[in-house]
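There is one chain below, alone, in structure tokens, taken in the form predicted on its own.
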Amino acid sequence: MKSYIVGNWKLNFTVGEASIYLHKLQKKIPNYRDIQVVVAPPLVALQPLSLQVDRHKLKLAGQNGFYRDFGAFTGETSFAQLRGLVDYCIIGHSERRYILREDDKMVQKKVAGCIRNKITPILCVGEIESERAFGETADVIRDQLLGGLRDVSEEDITKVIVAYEPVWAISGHGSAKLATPDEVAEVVALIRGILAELYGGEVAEGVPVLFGGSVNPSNAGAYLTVPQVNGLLVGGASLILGEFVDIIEVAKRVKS
């Protein structure tokens, strides 16, 4: 299975800055056969970057989308409109769940909207600090997975990526503590188990599971060697070209 290194730029970079960054990134990385590099720019930059991107080297992702394909929804952008611009889209990120109040029903509709429009959803799941402290991690992860995947068939689950992002380990949120590899391994095993219950063990093994939570070049190797982790969802470090390239190179060394 490929390893995925996904850079989430969040609400950063103007269109011009995003274009310059992408140009420099593409000059620094080769065409990897076993690593898929993905960047998720702000919405306004997606169209011009789609004309600039070398899709042999990396792919583009959306940070969000609307679940209806068209209609009277002022200010929204549908997955039908993103189709052709992006290959992936981040769905259910903790900032959308906990800051913008998206619930599991909305996440469910967005996952289905992605699949309907041939975009691979990167479904994010993760608990906040108090939920972990009270021993609720397993319940939260199960609820978020069951909610997000409610409309996903056995055939379509092969078109989904799951990302575990404990909210308490994301810089700028919660306690911003670093998750240990053992903590990550425990939850990734839980995710695999739930997927196996839903779709069978063989199918579940084919679903990529990523980790995200204050990932940087110093800890990327430790997270990438956690059993059954297939890549990283990178936030702040993806905004710094040198650090993001270093993380990609760490992934290549681990893969080798």
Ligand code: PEP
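In this text, residue numbers run from 1 along the sequence as written. Worth saying up front: this structure is predicted, and the values here are computed from it rather than measured.
In what follows, reference is made to the form predicted in complex with this ligand, a form of this protein that is not presented.
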property: Listed range touching this ligand, judged in the model of the complex by heavy atoms within 4.5 Å, from 188-196, 45-53, 60-68, 207-215; result: 207-215
property: Exercise: residue 169 in contact with this ligand in the model of the complex, heavy atom 4.5 Å; result: yes
property: Partner contact for residue 93 in the model of the complex: this ligand, 4.5 angstroms, heavy atom; result: yes
property: Residue 233: touches this ligand in the model of the complex, heavy atom cutoff 4.5 angstroms; result: yes
property: Residue 165, heavy atom within 4.5 angstroms of this ligand in the model of the complex; result: yes
property: Partner contacts for 1-23, taking this ligand in the model of the complex and a 4.5 Å heavy atom cut-off; result: 8, 10
